[in-house]
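Encoded as structure tokens, the following chain is the form predicted alone, with no partner shown.
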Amino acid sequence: MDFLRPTTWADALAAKAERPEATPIQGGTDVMVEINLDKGRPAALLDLNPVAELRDWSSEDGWLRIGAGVSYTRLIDELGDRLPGLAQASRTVGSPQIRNRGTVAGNLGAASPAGDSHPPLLASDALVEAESVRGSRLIPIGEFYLGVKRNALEPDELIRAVRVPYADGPQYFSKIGTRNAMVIAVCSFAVALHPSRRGVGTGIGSAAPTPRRAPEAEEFLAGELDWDGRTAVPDETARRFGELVARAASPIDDVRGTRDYRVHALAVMARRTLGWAWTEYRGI
């Protein structure tokens, strides 16, 4: 197995163009586990840690551009007030050591249905900034996931950054695991309220072949919420929202949980996160 270690972004793109089969590695929190468990041995590793450009983030026109090398810890500490949903999800990732090394871009590259950052990215309408020696493009987050651990990157492309709009309303993330910490999600859910356009965003994790949204639930809830008067959400509305979220999933039975449990849990998490988000919105 070859080990490639470019020191600039231009060199990294050139290396990926020359060796498209090379697997990018940043924190290594997914890649090294796969290698250590002998579940896959890449022909080459492309180490992006020395590329300083990837460790920056910036803000422009209501969007945050998070470099592929920005760790979960930095995201929580430096961007948590502007991206609360993503920060909440980041806090559930592994241990402090893992959060110090792992990145949202690495989560995207792995494209596991159980990745913690996926639901809040979906609920926020994020964009993935992909680049190669041929140029760059922005991939809407809903089009990024193609299948189990498959993403929309071309063989010669790398993730340079993730672009996420500032939260314009309350955002919440919920996750169920087989224990309280350092656990892969049995299922997860994120909700984002967008008062500026009277919209609702959702994200479902670990309950389908890919992370996905619940568009029918979003449309229903956006039309039912009292955006101006901010009256309490009726119990029937919350129950129906939970049902529509659960209906959007297509989970399986596996060692972490059954299909029926995941469906039930998603409905409960949808109601709870809606309650938290609406309580915050009413108090603003």
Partner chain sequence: MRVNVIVNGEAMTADDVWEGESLLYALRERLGLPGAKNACEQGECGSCTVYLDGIPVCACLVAIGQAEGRSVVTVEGLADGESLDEVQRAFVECGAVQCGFCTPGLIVQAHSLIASTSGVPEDAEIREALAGNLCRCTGYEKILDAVRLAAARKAAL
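Please read these numbers as outputs of a predicted model, since none were measured by experiment. Numbering follows the first chain given and starts at 1.
Keep in mind the form predicted together with its partner chain is missing from the figure; the text below concerns it.
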Contact segment among 180-188, 154-162, 127-135, 108-116, judged by heavy atoms lying within 4.5 Å of its partner chain in the predicted complex:
180-188
Give a yes or no on whether each residue among Met32, Arg41 and Arg99 has a heavy atom within 4.5 Å of its partner chain in the predicted complex.
yes
Of these, Ala267, Ala22, Leu13, Ile25, which has a heavy atom no more than 4.5 Å from its partner chain in the predicted complex?
Ile25
Exactly one residue in Leu45, Leu54, Ala238, Leu225 has a non-hydrogen atom within 4.5 Å of its partner chain in the predicted complex; which is it?
Leu45
State yes or no: in the predicted complex, is some non-hydrogen atom of Arg5 no more than 4.5 angstroms from a non-hydrogen atom of its partner chain?
yes
Just checking whether Ser95 would be counted as a contact of its partner chain in the predicted complex - the rule being heavy atoms within 4.5 angstroms.
yes
With heavy atoms only and a cut-off of 4.5 Å, decide whether Ser58 touches its partner chain in the predicted complex.
no
Any non-hydrogen atom of Ile252 within 4.5 angstroms of its partner chain in the predicted complex:
no
